[in-house]
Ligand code: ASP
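Below, in structure tokens: the form predicted on its own, a single chain.
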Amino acid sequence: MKVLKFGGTSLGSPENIKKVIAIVAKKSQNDQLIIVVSAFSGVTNQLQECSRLAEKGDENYKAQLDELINRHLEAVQDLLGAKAQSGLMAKVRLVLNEIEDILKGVFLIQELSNKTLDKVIGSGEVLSAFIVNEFFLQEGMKSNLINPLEFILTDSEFGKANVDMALTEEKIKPYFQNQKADVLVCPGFVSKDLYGNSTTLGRGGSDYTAALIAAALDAPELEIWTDVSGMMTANPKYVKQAFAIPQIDYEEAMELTHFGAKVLYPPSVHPVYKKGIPIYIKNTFEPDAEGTKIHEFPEPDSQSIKGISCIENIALFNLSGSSMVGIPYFSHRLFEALAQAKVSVILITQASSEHSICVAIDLEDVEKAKFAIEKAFSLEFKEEMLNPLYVETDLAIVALVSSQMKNQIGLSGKMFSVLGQNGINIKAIAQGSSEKNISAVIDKKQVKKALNTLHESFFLSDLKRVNLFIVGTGNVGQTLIDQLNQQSEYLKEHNQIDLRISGIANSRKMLFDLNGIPLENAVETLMEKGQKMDLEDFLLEMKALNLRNSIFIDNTAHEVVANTYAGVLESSISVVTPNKIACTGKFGDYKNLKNLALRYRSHFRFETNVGAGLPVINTLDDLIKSGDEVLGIQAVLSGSLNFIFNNYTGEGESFADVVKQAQVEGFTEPDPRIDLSGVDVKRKILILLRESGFEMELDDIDTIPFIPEKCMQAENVEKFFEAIAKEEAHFKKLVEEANAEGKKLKYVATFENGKANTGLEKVAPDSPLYNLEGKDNIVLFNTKRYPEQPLVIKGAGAGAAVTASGIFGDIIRIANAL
């Protein structure tokens, strides 16, 4: 004899019920089956809502009840032929009429006891069983309807009655011995007390009904049929990559169900656990899927963690004070007060100093728990022997579950580390001495991020997903996306990094996609599907998504975007940018961004601020962290200016023509005055000095201009080109003077003896700067370790490709650190 239980979703529609009969027909060929059924999906909630409305005197209960009545009558009509309908309709209407009468009475007196509520909500399973059994009969099965009120006996704790196990088992055995039908259909959830009153076994109690029957009859197995293919490694509503656990032991299953795994009602495990009866969790809609086997001695499994679960809507009570230290029975008084108030404690943690104790409870119980605790310790609160009771709400518990934790080193450390790296603050932790789970209390809004982060770390550790939010799709932005697309598969295969664009924006549109915006045509997709761009909305959505391993990439040069970095870093989202504005504003603001990144475990990367793709800042960072000290810097930091003075000879093309060429080839900003003013170089040397540990402002750096002021004051770019064309003699003279001395013109940034300056210099042939070609940059660091021969970093310092590669490098460095 086998016991199968079908949940509400399996019976949610006539089409689904037809899937159930296909499963039952196949299995009934060799065994007598007991089929335990839940109410149709949503019916129990609807019956409860009708009851609450009636209690309030709200006539809307009638409309909801009518909807429920019609649903069951329509199910009868859809499933059964005319001949079978008449007899069943009478039974169904009898139950429905009784519900109507009860609710009418509740409405009139506006009072609803738990006893009455049990009578109402238990009728959903009764109706479901009537319809399913009749359908089986119509389809030619030898089926019989059985009544659990005759063998499941409980106390009178209405709402969640406690089963009298000995008496129930004593009743079940003879009851089923007399049942000869091939298929026995039994309503789940419902029971009766010793006085004959209807009771219920708690929400999810249909599983419990099936388990009680299976245990009493020593069934070879218990099958729970639902809408998922087994117990999942995490809640698939939050974790799309969750998968079914092939096998799990009873204790692990109980831990997972306790911590929110909805696929199985927690008390259901215990009756079959005692008898060693395996439980199979199966999917009605994928009956051939393997599902999950819950049994006593699962085979050795390399996976140390079996599942990650959570309980939402948690409140945390913190009771603290000096009077707690060394006082006997203090904890006893606390838990006694909560028990008398019928408040279930979900998690407990206490400091070894005995100065405080935390308990986590269901959010619904906050008020009565608060009242009970304050009453129990009223004297201590009055005499200020205890601190005021501190209550935090809108929390959740996440838990790692495994029976093998005791033999695994570092699981707790890994759990807390990955949560911390993603900015998830832990309010409280608990791990039982049996080491079956590690639990952490966190903000409810962080649940999705926490579950995905933990799931990736413990189940998908060979592939780390990084969520990119890109603002700016110009030359650099588009080139970066092209590079991401080109290297995507390589990074997955060789570095186990999955880079995904989850959000993208330009000045006109923005777009988000949790599944990732296609790299091969991201900008086209943005323009086709995106909505109007609003920076504030973009940032709010990025933060609200709260995705793990998130990186905000600013490819713009806008101050308004740079001013948002603090809020992004505070949200534990890393920032990568070629935008120099944030690092060259006030020193206090720059330092604040660095501190925020440390505090919130995010990363602030700006390698491309100096030297585009050259490893200038990272090299400097390594020097400083390893204890070196910068004594001097000499650098050509403008690829655009180097390109201009390498190509302007004073004999061929005019200075204006060379600048125009640099602009067309993308070596300058759209307005070349930004480059020619030297302010860009000034910002770059300032960043290097700040990264070297010097507290300097932009105004501390002297700049010697080489462009006539009247040119720089031109009203637009076109007028500027006209103005510098008229000053050709000035630029020609600069080149001729340098040539006469056997030198070349380079725009140089220098730091020496605590002072910094930028300007056009004549560089001699023996200088490393002399032979700098094209758009290349060069940086010379004189440090305590490199006092005579400087450390030299040289290479291309401008252009979309090298800048994008520098941004890409920062992304990879962050991904490797996550």
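Note that residue numbering follows the sequence shown and begins at 1. Just so it is clear, the structure is predicted and the values come from calculations on it, not from any experiment.
From this point on, the text means the form predicted in complex with this ligand, which you will not see here.
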query: Using a 4.5 Å cut on heavy atoms, which of Gly666, Gly678, Gly613, Gly204 is close to this ligand in the predicted complex?
result: Gly204
field: Candidate from Glu255, Asp118, Glu607, Glu125 lying within 4.5 Å of this ligand in the predicted complex - any heavy atom
entry: Glu125
message: Check for me whether this ligand, as it appears in the predicted complex, comes within 4.5 angstroms of all of Thr479, Leu484 and Phe808 - heavy atoms only.
response: no
field: Heavy atom of Thr758 within 4.5 Å of this ligand in the predicted complex
entry: no
- prompt: Would Phe469 count as a contact of this ligand in the predicted complex, using a 4.5 angstroms cut-off between non-hydrogen atoms?
  reply: no
query: Tyr565: heavy atom within 4.5 Å of this ligand in the predicted complex?
result: no
message: Residue-level contact is defined here as any heavy atom of the residue lying within 4.5 Å of this ligand in the predicted complex; does Ala39 satisfy this criterion?
response: yes
Proximity to this ligand in the predicted complex (heavy atom, within 4.5 Å), stretch among 551-559, 205-213, 382-390, 175-183: 205-213
- prompt: In sequence order, which positions of 158-192 have a non-hydrogen atom within 4.5 Å of this ligand in the predicted complex?
  reply: Phe189
